[in-house]
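Let's start with one chain on its own, the form predicted on its own, as structure tokens.
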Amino acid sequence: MGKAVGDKRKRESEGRVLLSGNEAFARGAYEAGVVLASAYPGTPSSEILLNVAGYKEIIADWAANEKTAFEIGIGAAMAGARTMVSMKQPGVSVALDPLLNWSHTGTPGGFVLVACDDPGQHSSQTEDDTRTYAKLARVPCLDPSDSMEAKEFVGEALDLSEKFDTPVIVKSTTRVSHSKTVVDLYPRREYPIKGFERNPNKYVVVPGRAILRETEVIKRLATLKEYVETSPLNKVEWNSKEVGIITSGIAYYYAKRVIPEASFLKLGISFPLPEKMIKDFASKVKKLVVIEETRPFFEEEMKIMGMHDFIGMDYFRIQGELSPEVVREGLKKAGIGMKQSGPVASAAIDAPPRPPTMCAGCPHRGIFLAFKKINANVFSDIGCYTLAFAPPISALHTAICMGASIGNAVGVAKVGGSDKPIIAAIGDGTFVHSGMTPLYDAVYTQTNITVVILDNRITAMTGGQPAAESGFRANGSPTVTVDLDALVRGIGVKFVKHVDPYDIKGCIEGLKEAIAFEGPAVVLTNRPCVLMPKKIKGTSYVILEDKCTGCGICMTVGCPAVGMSDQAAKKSKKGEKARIIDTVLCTGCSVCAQLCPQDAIQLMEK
């Protein structure tokens, strides 16, 4: 790539602001001349593209899934454009195929993948560590500790990408992505786009050519190992040499808070590691401590280097997040004294448990209650509706990963492993993400399953991002709307039924028709999310006390608007006639009213 336009011009600050890590990643893309950004939403990464979309200089769109986002980014980089792709940690596994191959080919345009890990699994099925993917792909991994580094590391990653002909990963975590620190703003730098140049020997990954590219990857990794020894992103901070700490990311600040008098080797590049730098640092301190989150990645790499005399993760947490308190306790366990500069707040919060529940008026509630009525085995997917596994709804029985519901249902049906109706429940966004291919398999093999696509027209659980079938792009501009009915019929589904998920009786009848059909059948729900893009609020329902018998059926709906009065909660007597509906929360969906055997739930009089 050519030099940035205006490289010799002094970068004058445009001010200082408080930004979250995700906002800073977006600003970094803007300042570093990114032309295209692609992503799939998922906490803790969702806000990155949302903020990138606010910069008119960058083409920013949500992709159907992480693999597609990555491949779109590859195309833009092939054209010589600076590119950023973002996703959460499980999404990297979805994009692993193109990541490994793109590492082999190399990239003419700067290419950065911002991957957000979720230590503690606040909103994730797994507690992955992106550093392991970087090692597998043999690409650099940068590890920012705060918002300023998040912004700057995007530009650093793009520079490294262009210098070493490689994609580069910037790894975030939930705390870095969502915490706010002060950031210095600078103007955008434009980089020329060369345009796509034919080079089959580089880009056609067939075995005969790929083996030659493998040689180049090995050479590149060796060069990178030399580079990281002098990279300014890896820094030594000398203080007392009684204790030396090797760390990175948010763990650096936790350790600094607890034992500021120690010396630090802060690794801004967490792969490949600077072996000479690490050994030199270790040789100059009396006690060496490695503090890292999620996996003992540094620890294992250092053992490969032949180093064993250090304190590692056995003294700290090997599952979940670190915190100043965890670091302090780990150091105490290791027999390391501390001159603590200030109090370390406890990570424990004395609060009552708050089980997750679907929102009042959620359009998924009615169809799941219908599932229970027909006593089906329900293979669910990843989305808001996954919350229906919990009492009192308890209407689904599996949830493995994005798109797995249909494949799981097909597998059970093929081996005759269910004596009950088999239903695969999947959201519209997840269906577009990775549900179409297993549905095609069901059609191809003519497997008797019922697929229910819960179409609420938005990617709700990750913050209300417009999905591929929503009719809107990431910047809010209108676009075509995907017709899910036409899509499934085009795959070859012969039975397609539309139901209103607020109509429980209609849902039961529609499901029974689908189950009776020979071959794969699809049922589509047709109510939008009750909260996004705007809150839907109809006339609320109330409970008529003179009709209520206290049977408790309304409590099985699992709606947060339906509850018990303080009087009933204190007495907790079976049959207590003191049910209430919170008219502020109630949206008027009518699901509870349909189930009430006494007709005691009525629309509130205006």
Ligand SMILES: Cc1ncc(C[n+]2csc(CCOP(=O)(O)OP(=O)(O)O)c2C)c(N)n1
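Just count from 1 along the sequence shown to find any residue number. Fair warning: this is a prediction, and the values are worked out from it, not measured in the lab.
Just so it is clear, the following notes concern the form predicted together with the ligand, a form of the same protein that is not shown.
The stretch that touches the ligand in the predicted complex, counting heavy atoms within 4.5 Å, is 36 to 44, out of 22 to 30, 543 to 551, 36 to 44, 52 to 60. Put simply, of 383, 324, 438, 510 only one has a heavy atom within 4.5 Å of the ligand in the predicted complex, and it is 383.
The contact with the ligand in the predicted complex, taken as any heavy atom within 4.5 Å, belongs to 94 out of 504, 94, 404, 395.
Contact between residue 523 and the ligand in the predicted complex is not found at the 4.5 Å heavy atom cutoff. Residue 90 belongs to the set of residues with a heavy atom inside 4.5 Å of the ligand in the predicted complex.
In the predicted complex, the ligand sits within 4.5 Å of a heavy atom of residue 430.
Mapping the unseen interface onto this chain, residue 459 counts among the residues with a heavy atom inside 4.5 Å of the ligand in the predicted complex.
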